[in-house]
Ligand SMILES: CC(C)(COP(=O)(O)OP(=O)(O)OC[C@H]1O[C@@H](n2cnc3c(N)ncnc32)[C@H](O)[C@@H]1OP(=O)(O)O)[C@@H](O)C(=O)NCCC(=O)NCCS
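Listed next as structure tokens is one chain, alone, in the form predicted alone.
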């Protein structure tokens, strides 16, 4: 086979463009804006098979900062996995995954990924195991609403710079378990969270949230310090609210009466042992 493996090639414009074309074709995801805005993350390390100038199979190893039980560490997230249809069933993705994990072997405390439904059998064959996650939630008591919540528009460069400043200066959202990256967060700011970013200038923080009928989903909170939930919620509140779902661990929010439940359906997989039992991965840590 006239193919070759390349890695750590973000410095090559042609190779990076080939990767972008590959990801768009395999996953329908266009990295153009993430790149154009200057947030392409070199910690997102590719291991790819090339044929000529085309990527035919690829796996990315994303080294992410993490906090586990108050201690700083790193975790590996596997993402960007795929193989062109005509090159499947030749073991290319598995070879690249093994190569990437060997490269990262001494750099992390655990490996995780979020699998597409059709990829689950593949990851099981590769020795990954599924784990449950925890959802923390809270039943709302009515409060008096406060004015001062500002929705942010990431198409404005000044606003985007302000979001990135928050991302760089943030304190971790949890001391129990937290995974974070400023440039991955900016990916979410540009793609998955575009309509969900709000600033509370009075509290010097950003809150990523949305509302679905009677449930408020809070995805992340960014600030040099984390205000308490009692300080934050009056800026978010609506008469229809009945429950808050937190997509991260809430140990810094000072909530009395928080409840937890085990969740499935995120298709969360780990390789070998994982340092946290039933973690809650922050939504903005998902690549």
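Numbering follows the first chain given and starts at 1. No experiment lies behind these values; they were computed from the predicted model shown.
Just so it is clear, the following notes concern the form predicted in complex with the ligand, a form of the same protein that is not shown.
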property	result
Residue contact check: residue 141 to the ligand in the predicted complex, 4.5 Å heavy atom	no
The ligand contact at residue 116 in the predicted complex, heavy atom, 4.5 Å	yes
Heavy atom of residue 125 within 4.5 Å of the ligand in the predicted complex	yes
Partner proximity in the predicted complex: residue 81 to the ligand, non-hydrogen atom cutoff 4.5 Å	yes
The ligand: the contacting residue among 107, 183, 88, 198 in the predicted complex [heavy atom, 4.5 Å]	88
Contact residue in the predicted complex, chosen from 37, 243, 51, 27 - any heavy atom within 4.5 Å of the ligand	27
Heavy atom contact within 4.5 Å of the ligand in the predicted complex, the stretch among 117 to 125, 183 to 191, 167 to 175, 208 to 216	117 to 125
